[in-house]
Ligand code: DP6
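The chain below stands alone and is given in structure tokens; this is the form predicted alone.
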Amino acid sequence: MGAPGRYSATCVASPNIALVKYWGQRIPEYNVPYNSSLSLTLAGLSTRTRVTFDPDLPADTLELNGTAVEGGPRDDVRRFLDLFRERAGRRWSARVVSRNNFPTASGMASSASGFAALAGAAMAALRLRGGLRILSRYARRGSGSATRSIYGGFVYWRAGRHWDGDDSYAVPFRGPEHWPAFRDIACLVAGAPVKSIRSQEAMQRSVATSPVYGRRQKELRRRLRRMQAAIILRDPDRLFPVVMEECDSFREVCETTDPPLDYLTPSSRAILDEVRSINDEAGRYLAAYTHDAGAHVHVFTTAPYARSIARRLGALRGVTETRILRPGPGVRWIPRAGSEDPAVELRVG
């Protein structure tokens, strides 16, 4: 395989925001969900990760956003890299350097882009063969939602039925070019706390204690079909009300968990209220809100209305920034050391 310097690769991945949420694991060990989900991969936000396997390195190291990371997060990365080392038959330790261009651990899906980029870099560095479906299975083992960030545009994650999660992976639904006018206004709010309870633990609490969790599971398949039909037709009047219905259902599960999970700040809730007002004033669905397990809110709209809605939301107290984002690409690899062009998409294997 050549000199140690060749055992390196850099991968860039973007976070995704779920339209139909994944919340609850059927097989926690493998991050296999109870329900299938649907998401949008976002342009403009990214995680860039370089992995270097070095036979002379005594232990794995992790640097995130310029800071050395110890403890639990580094252990998570070590266990994740073990999956690739086992397949490659190598025991080499790795140096991992990762950077996000958006807030980390605050509900902006940094774990999704983080583990998708880590999986892509590790697989390429060790020259492991396989396509994007295999990479999607690997990414899921690091963070469930990372399985969706392998692909661009609208992405469908199959929940699967197998005991080991072998049939649980993401597939493209509609690429980023399908709906050119679709926009996501990412609204960052002040005082958004770093999550004190990891999502994996929080969602299992919801499964065990929320009295509405079972009802939500029964509703999800119908909601998913309605969203898919609306996306195919590129019809916001059909899509946006279902997106908000789904978000409200997810939030109800969180708030009825024991103890309650309340991820929103007053500014977050003001954004939800403002979106309702925008639609009421227009007499139609110009926008839809959604959020994951965090305080930042995503507002979907279409290009003709994106700037005016972003200005209106940006004027709300506590909203520190609004970013207008388009549907984005899947994972891509930097083809050579020092390149600043992440646009070239490569297949592993």
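What you see is a predicted model, and the numbers here were worked out from it, not measured in a lab. When you see a residue number, it is the position in the sequence shown, counting from 1.
Note that the form predicted in complex with the named molecule isn't included here; everything after this is about it.
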With the cut-off set at 4.5 Å between non-hydrogen atoms, does Gln200 touch the named molecule in the predicted complex? yes
Considering only heavy atoms, tell me if Gly120 and the named molecule come within 4.5 Å of each other in the predicted complex. no
Is there a non-hydrogen atom of Ser111 within 4.5 angstroms of a non-hydrogen atom of the named molecule in the predicted complex? yes
Is there a heavy atom of Tyr213 lying 4.5 Å or less from a heavy atom of the named molecule in the predicted complex? no
Answer range among 64-72, 307-315, 289-297, 41-49 for contact with the named molecule, defined in the predicted complex as heavy atoms within 4.5 Å: 289-297
Within 4.5 Å of the named molecule in the predicted complex, heavy atoms considered, which of Thr257, Ser168, Ser143, Ser268? Ser143
Interface residues of 212-249 toward the named molecule, as seen in the predicted complex [heavy atoms, 4.5 Å]: none
